[in-house]
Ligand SMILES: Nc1ncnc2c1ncn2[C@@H]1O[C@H](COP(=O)(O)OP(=O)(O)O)[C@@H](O)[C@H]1O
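For reference, the chain that follows is the form predicted alone, supplied as structure tokens.
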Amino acid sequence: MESTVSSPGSTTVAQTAQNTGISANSLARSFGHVVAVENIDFRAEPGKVTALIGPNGSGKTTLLLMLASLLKPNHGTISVQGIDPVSNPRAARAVLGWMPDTLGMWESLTGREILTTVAALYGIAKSDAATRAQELLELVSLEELADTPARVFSRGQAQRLSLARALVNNPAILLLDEPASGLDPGARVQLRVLVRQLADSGKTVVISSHVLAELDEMADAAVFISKGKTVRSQTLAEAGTQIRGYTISVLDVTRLREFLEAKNIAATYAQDFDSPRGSAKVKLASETEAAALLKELVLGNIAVTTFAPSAGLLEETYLSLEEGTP
């Protein structure tokens, strides 16, 4: 995928609406006796990427469908660019770009035809629609498949077409559900760059993904949900101040154990089979504390081969919530 963000050939509602992002309060949604969302509060600001994180069955997709005006909540309120998607779904959809986890497409149409058809549905003039389709095909690196029927697209190619389709109307709000699914490593990197550029251009970007390490590279903030409820909201800066796990790999784990025990630092240990090599995992309150410990290890002649966080920032928060720690 290319790394430039372009605008459509004609002005859309998304370009003129008040740029207020997303706000949702006390959302609830049930399907019969099954409660999918019980009590979710959600905020996503313009110019930022907000990650939506939670285990399978936590209510992420149900929440995204409500934000996209495709599902009505049983309770609670939603504001999208100052628009209520329940009472005015048409206006909400004009400012929204929605990329579902699985793309439903007209398989007999080409990628170009799909994009121009979607553009027509948004009321974009035919000549502008053709220009916009070409821009987007280049943006997601599908120009070579522009006139190929969508039925022959691979999973990754279909994902890129889905992203292009979500951008047809130059939306102010972009909702992405597992956008990296099926992408190869290179395309994943390009996706991260593109998502950041979209946010930097002023769009409100919400992204749901199971790959938390990738979200560390894209997100400005995160909302964690579990069992249909919001359990934590934090910025990446706040995540960086939390207690984190660090892994220390050494040539002699026995010496490391003696060193840490003398410092009263709790740790869990692993040793290589038939070798003095091994590692320890410790919890440290800050990067400053981590730097100080590393310095002491070096000065103590402990042969350290690796000293690094055991998990990414958002993964650390997710694991702490799973463990029930603050």
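Model, not experiment: these values are computed from the prediction. Just count from 1 along the sequence shown to find any residue number.
Omitted from view is the form predicted together with the named molecule, to which the following refers.
May I ask you to choose, among 36, 294, 260, 284, the residue with a heavy atom within 4.5 Å of the named molecule in the predicted complex?
-> Residue within 4.5 Å of the partner: 36.
Of these, 276, 47, 55, 300, which has a heavy atom no more than 4.5 Å from the named molecule in the predicted complex?
-> Checking each option against the named molecule in the predicted complex, the one that comes within 4.5 Å is 55.
4.5 Å heavy atom contact, residue 31 and the named molecule in the predicted complex | Because a heavy atom of residue 31 falls inside 4.5 Å of the named molecule in the predicted complex, the answer is yes.
Any chance residue 61 has a heavy atom within 4.5 Å of the named molecule in the predicted complex?
-> Yes - in the predicted complex, heavy atoms of residue 61 and the named molecule come within 4.5 Å of each other.
What stretch, of 262-270, 61-69, 39-47, 276-284, brings heavy atoms to within 4.5 Å of the named molecule in the predicted complex?
-> Looking at the partner contacts, the answer comes out as 61-69.
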